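Below you'll find only one chain, the form predicted on its own, shown as structure tokens.
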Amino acid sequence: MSVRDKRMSIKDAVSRYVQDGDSVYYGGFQIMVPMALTHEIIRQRKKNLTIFNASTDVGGLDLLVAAGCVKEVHLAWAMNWYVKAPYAIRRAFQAGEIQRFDHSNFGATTALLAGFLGIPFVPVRGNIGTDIVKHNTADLKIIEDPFSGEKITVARAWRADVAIIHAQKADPLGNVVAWGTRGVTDEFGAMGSKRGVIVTAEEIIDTEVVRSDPDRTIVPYFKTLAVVQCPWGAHPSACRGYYGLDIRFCQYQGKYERSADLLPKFLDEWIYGCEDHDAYLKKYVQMFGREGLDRLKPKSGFKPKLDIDYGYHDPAVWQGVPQYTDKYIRG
């Protein structure tokens, strides 16, 4: 893949890289949920998606299912925590409109790890004796350990066609920088994706800044399809260092999620009725005031005290030092 500027609008990114029938790694680990991408997928009325996710919050998957975008979900845990249930997912599953395959949290993370490693499956402790194995034969099997002869569960590798994630920073080439509470599933899900990653980021930064602290790069440029500068792109979930969880809006959205009759009105008003993410934010400010967003910003900084120096080793220090030849070897 050539090194190029991958910045584009969120509309173009979804239109170009999320196709009907795709499998999608859905990012976030209760925070850093890719909500702006969620809304855009709904606006473009993508269909028949298969979702892989370990643990997500704030009802993003509920909205995707309610909008008719999803045919199948493989997940451990999905919730709008502030209304206690993913109501649209439950209704669709009970009505036979989607298929749902449940994992344990560890099992889902391990399935993503297997995809990241490029192996077909990986052993998982637990699950034996539970109904998870009984009802999720698509993802889980019980085999005999070839070394001990004991029975053990193995989890099928999850490798999505495309991954969608939100991060604090990215450079124009697609190097993605993130930190804080996110689990490790975004790294696994993104790196295991077959075609690559769409990332929304709070800020776009210079590549030299990324290179100065490479350990924070969770996705390198060659796995990234599109970079979208998108402040508040995880709202109403949190983005560590930029804003906290918007509990009140989660509760507001949750009142619609509870009702099959009301939820389409939320989609019409907050997603279909907003041309893009900027329009969504403008509507939020008109309805709740700018202070509704400002209250979510960090009030005090919290930076690591550890002073990191990656150092530099100059090969020129060996000038004038004799070569290690046979004369130094004593038989």
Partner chain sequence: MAGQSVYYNLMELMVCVASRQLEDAKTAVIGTGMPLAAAMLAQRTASPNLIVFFEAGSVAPQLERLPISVADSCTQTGALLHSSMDIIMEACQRGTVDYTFLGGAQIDMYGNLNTSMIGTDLQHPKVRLPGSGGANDLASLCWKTLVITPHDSRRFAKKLDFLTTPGYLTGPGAREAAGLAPGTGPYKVISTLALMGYDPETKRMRVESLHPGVTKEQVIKNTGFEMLFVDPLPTTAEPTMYELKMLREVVDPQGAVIGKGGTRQPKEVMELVEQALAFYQASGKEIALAEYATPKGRFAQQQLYVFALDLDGIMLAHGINERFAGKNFLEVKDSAGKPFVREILDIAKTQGSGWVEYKWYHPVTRRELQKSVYFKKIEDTIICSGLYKEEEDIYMLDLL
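Residue numbers count along the first chain shown, from 1. As the structure is a computational prediction, the values presented were derived from the model and not from experiment.
Here the subject shifts to the form predicted together with the partner chain, a form of this protein not shown in this document.
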{"property": "Contacting member of P236, P86, G174, G115, with respect to the partner chain in the model of the complex [4.5 Å, heavy atom]", "result": "P86"}
{"property": "Listed residue that, although the partner chain is not shown, lies within 4.5 Å of it in the model of the complex (heavy atoms), from W77, Y252, W232, Y221", "result": "W77"}
{"property": "Full three-residue contact with the partner chain in the model of the complex, heavy atom 4.5 Å, for S9, Y17 and R43", "result": "no"}
{"property": "4.5 Å heavy atom contact, T137 to the partner chain in the model of the complex", "result": "no"}
{"property": "Any non-hydrogen atom of N105 within 4.5 angstroms of the partner chain in the model of the complex", "result": "yes"}
{"property": "Contact flag, R159 vs the partner chain in the model of the complex, heavy atom cut 4.5 Å", "result": "no"}
{"property": "Non-hydrogen atom contact G149 with the partner chain in the model of the complex at 4.5 angstroms", "result": "no"}
{"property": "Segment that reaches the partner chain in the model of the complex - one of 97 to 105, 223 to 231, 159 to 167, 199 to 207, heavy atoms within 4.5 Å", "result": "97 to 105"}
{"property": "Stretch 128 to 157 - residues with a heavy atom within 4.5 Å of the partner chain in the model of the complex", "result": "I128, G129, T130, D131, I132, H135, K151"}
